[in-house]
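Consider the single chain below, provided in structure tokens and representing the form predicted alone.
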Amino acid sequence: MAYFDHAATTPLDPRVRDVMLEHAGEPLNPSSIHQPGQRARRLLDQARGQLAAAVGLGDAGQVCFTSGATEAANLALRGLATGNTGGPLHVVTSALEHSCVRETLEHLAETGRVVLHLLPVGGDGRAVLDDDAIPMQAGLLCLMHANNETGVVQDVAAARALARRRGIPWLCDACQTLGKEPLVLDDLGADLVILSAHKAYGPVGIGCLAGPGLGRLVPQITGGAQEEERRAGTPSVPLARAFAAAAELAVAELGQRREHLAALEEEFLACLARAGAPHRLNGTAPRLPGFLNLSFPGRDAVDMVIALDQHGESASPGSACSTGVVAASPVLAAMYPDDAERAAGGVRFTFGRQTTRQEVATLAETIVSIL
């Protein structure tokens, strides 16, 4: 089976696996005061420092480990909403956000804890950051770094300027960015950033919420003083060390990974063009390399993915968190509100560091045969 769904999850890097397994069998509880516990604390602090350094965050104390991106998003959004005692929190966002952000905000809005203000979305795949669309009472901007369905990189410089100009915190989902685009959190300027290990060849089950905005949050998981009382529960030292190792490798190998992914994308699109296979690229703004969302006229995305799977090719009809839900992508529906067929037809192809040129050429041939 050829795997073209690296935006959903990446295979665990053997080098990261070795780091994770090094201490996997040991009794490591960083909250214990005996020597094994203090050793666990040192290993956890070391991992936190390595991760912070890898993503360009000067203060390692601004990293809060979580079970993944979904928990990090909930901690940020629910933590800010709970701490906003003067009424509902007014949040500026768009339909482009990942479901862990979008659906959490919708739930908070339904319960009266949040008021949503949606930014318009362009056909290029970017949210339109218009000052006129930002209400005076805005208390949070939610804008991701790179979209998880199209790979389009949002205008983060404009987001930073807008948030500073209006004096509001900015929550940025950067899960897809690590290892594919330069990422320096101190330069990014977001108050809170969501990261996930398994999007960058690390293990499933660990992520983090990072940035100077952690101090604004009301904890959502209580019952212990772990993570500076931001998130109760015994942290996994092996997973934290693996996350840090994956982040370090992502940064060290960024150039060669980007070059490899860009070459695969060029080869794939060239094969489709030579075969005359009709397709439309969803999202024309600058994208992450090796990250494509294509619609095939007259073809439903789910049908295409099933047909590809039967040929031994794994792709996705959208975000992995929407698997099993046969509906038009909210992201593509926002980008192309007058083209229901295009919105329902987007297939996501995301290549990885182990994907070969032969594999993408064969993928193109398979698509041609299906069409």
Partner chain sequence: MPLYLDSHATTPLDPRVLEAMMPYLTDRFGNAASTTHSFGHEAAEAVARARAQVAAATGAQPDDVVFTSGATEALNLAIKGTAEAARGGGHIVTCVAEHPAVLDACARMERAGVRVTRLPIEPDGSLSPARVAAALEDDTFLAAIMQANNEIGTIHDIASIAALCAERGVPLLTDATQSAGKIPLRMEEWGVRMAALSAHKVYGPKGVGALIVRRSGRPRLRLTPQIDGGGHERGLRSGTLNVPGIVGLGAALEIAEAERETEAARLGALRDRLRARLFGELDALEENGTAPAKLAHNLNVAFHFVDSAALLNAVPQVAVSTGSACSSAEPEPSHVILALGHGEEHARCSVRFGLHRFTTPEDIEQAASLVIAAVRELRGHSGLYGAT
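Not measured: the values here are computed from a predicted model. Numbering follows the first chain given and starts at 1.
Below, we refer to the form predicted together with its partner chain, which is not included among the displayed structures.
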| item | value |
| --- | --- |
| One residue of Gly167, Gly255, Gly223, Gly276 in contact with its partner chain, assessed in the predicted bound form (non-hydrogen atom, 4.5 angstroms) | Gly223 |
| Sole residue of Gly283, Pro235, Gly207, Gly211 within 4.5 Å of its partner chain in the predicted bound form, by heavy atom | Pro235 |
| Proximity to its partner chain in the predicted bound form (heavy atom, within 4.5 Å), stretch among 264 to 272, 213 to 221, 136 to 144, 283 to 291 | 213 to 221 |
| Contact of Arg160 with its partner chain in the predicted bound form (heavy atom, 4.5 Å) | no |
| Proximity of Ala364 to its partner chain in the predicted bound form, heavy atoms at 4.5 Å | no |
| Partner proximity in the predicted bound form: Met20 to its partner chain, non-hydrogen atom cutoff 4.5 Å | yes |
| 4.5 angstroms heavy atom contact with its partner chain in the predicted bound form for Ala2 | yes |
| Complete contact of Gln50, Gln154 and Ala334 with its partner chain in the predicted bound form (any heavy atom, 4.5 Å) | no |
| Residues in 1 to 16 close to its partner chain in the predicted bound form, defined by a heavy atom within 4.5 Å, in order | Met1, Ala2, Tyr3, Asp5, Ala8, Thr9, Thr10, Pro11, Leu12 |
